[in-house]
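We begin with a single chain expressed as structure tokens, specifically the form predicted alone.
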Amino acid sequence: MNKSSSSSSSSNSKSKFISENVFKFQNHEEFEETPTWAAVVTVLGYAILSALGWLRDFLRHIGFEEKKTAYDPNPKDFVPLYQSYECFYTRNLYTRIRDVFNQPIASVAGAEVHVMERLSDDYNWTFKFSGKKIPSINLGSYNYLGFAENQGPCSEEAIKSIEKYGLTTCSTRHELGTQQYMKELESLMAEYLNVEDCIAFGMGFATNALNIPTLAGKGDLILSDKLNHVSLILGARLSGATIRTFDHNDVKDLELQLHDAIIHGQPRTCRPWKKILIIVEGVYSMEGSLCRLPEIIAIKKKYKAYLYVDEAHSIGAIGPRGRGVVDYWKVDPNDIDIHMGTFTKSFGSAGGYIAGKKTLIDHIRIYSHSACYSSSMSAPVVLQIISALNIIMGRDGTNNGQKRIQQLACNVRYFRRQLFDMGFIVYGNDNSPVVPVMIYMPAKIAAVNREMLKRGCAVVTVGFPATHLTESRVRFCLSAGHTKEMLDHALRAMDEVGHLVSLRYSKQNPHLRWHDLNRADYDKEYLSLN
């Protein structure tokens, strides 16, 4: 055996060892119960804020306080357009902390980012830029494999494509939009997923919202996880099918719903359902949990239902080869009827795809509203995806793609474990790149975001109505681009902020400061996996 083949064999065996060790905790998910006192205080907080909001609305109505919201353009005898609770919430609760949302940046959304500082002299109704840019570690963007870059092979391919193909065809897929690079992308993605065919779309949200109606309709039943993304919910509603939800990741409830649906049939007529479609996500973006795919597949086979899996947050980010939850659970791709995913999270681009049997994809090509009415994907967007896929699949002649996948898995284990051991309530699967840490109280949503930014960490804090009323959280999104030094900085900052605003709610773990942890233990695990 020559030296190069020996080195390759050694590298492959090391990769296999790392993959097995990184993903050995795949069955463990943590959802510690909300402390009763925290839930009570949170509800009281929202009640007080709502009461103050109604008072301020009254003061605006009588002219004591200036009204800065939009005026209803219709005559007085018309039904008001702006009287929903969403408007009340936005006006009186959201505006108080609007400075921590939708923060503009002045750089590529990579591992590090420059946040543009905004100032307000009217309590967040309007903003103006100070001209200062705050360098921060980016813990909020979906950049799982670190392909959000403005230099390197992916960027070079995207730039070259502009010179060769231009920016856009200004046409739909049904007309002039199906170019050679589109065919190449779909063929490569089908090979990557190990399925027969694939179709790509220019927008991830629309991939769900506009294609589920081509798969289901009146007389069909959709069984949807209660925590599915709004794009899946919208697509299900647009389809005209009957929609029923099952408890999050609860396969027993799913089977019960399926069993009852088959026995009782359609409402009023009791006729059998034309078809039943189960819709789940690979990684749930707000919970950090993974769908229990092997059990769901067993149920769908037992009751002869169809399965639609949204891998927006799992494709590229989960599994030894980065092929999503299918790879993670080592199931047969053909057991899933409809594979869906996006190119925004792991590929540093835009758009989405649906993959599966060729007959299914041919049907979608003809009947999809997205293929018929929306513009085809731009050439640089597509070439960014193709070049990222070539790296992930090892077609570039390097093991850079595998290194990125393993680096992400190592970062996730390192970061999650320390947060958990410091006494924070951390949701989700041990291997999920989405790491939610519970905040609960509305005042802490802004406090955590502002204090983390002061310490050089750009984070995303989320509250009602994006979550349940008592389940506000800070959501960390990890990347292969994060170094150990970046993660240590973020953990140190979270330790300080957690101590400052009292975020250590866990009853299962002791409340430790970061410097009290056994650093050698974490470093040893990190180095063994890296």
Partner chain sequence: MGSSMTRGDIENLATDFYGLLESFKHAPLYHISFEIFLVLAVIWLVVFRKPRPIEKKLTEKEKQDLIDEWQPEPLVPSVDPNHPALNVRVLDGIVGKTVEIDGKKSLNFATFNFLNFVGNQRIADKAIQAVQKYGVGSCGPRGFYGTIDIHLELEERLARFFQCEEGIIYSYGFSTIASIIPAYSKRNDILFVDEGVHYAIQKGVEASRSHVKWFRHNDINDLERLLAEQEVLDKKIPKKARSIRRFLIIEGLYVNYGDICPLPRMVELKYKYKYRIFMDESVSFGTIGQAGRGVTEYYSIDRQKIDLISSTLEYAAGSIGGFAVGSSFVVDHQRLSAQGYCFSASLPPLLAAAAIEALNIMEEDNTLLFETIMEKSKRLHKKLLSIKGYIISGDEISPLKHIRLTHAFNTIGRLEEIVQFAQTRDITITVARYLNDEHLLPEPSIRLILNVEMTDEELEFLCAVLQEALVKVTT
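Predicted, not measured: the structure shown is a model, and the values here were computed from it. Numbering follows the first chain given and starts at 1.
The following text describes the form predicted together with the partner chain, which does not appear among the structures shown.
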Subject >> Check all three, Ile162, Gln180 and Val230, heavy atom within 4.5 Å of the partner chain in the predicted complex >> reply: yes
Within 4.5 Å of the partner chain in the predicted complex, heavy atom basis, the matching stretch of 207 to 215, 415 to 423, 246 to 254, 394 to 402 is 207 to 215
Handout entry: in the predicted complex, Asn411 touching the partner chain (heavy atom, 4.5 Å)
Key = no
Closest heavy atom of Tyr142 to the partner chain in the predicted complex, within 4.5 Å or not?
yes
I'd like to know whether Ala443 contacts the partner chain in the predicted complex, with contact meaning heavy atoms within 4.5 angstroms. no
Requested in this report: Indicate whether the partner chain has at least one heavy atom within 4.5 Å of a heavy atom of Val462 in the predicted complex.
Outcome: yes
Checking Lys128, Lys226, Lys132, Lys304 against the partner chain in the predicted complex, the residue with a non-hydrogen atom inside 4.5 angstroms turns out to be Lys304
Checking Leu188, Ala109, Leu93, Ala298 against the partner chain in the predicted complex, the residue with a non-hydrogen atom inside 4.5 angstroms turns out to be Ala109
Looking in the predicted complex, the residues of 148 to 180 with a heavy atom no more than 4.5 Å from the partner chain, listed in order, are Ala148, Glu149, Asn150, Ser155, Ala158, Ile159, Ile162, Glu163, Lys164, Tyr165, Gly166, Leu167, Thr168, Thr169, Cys170, Ser171, Arg173, His174, Glu175, Leu176, Thr178, Gln179, Gln180
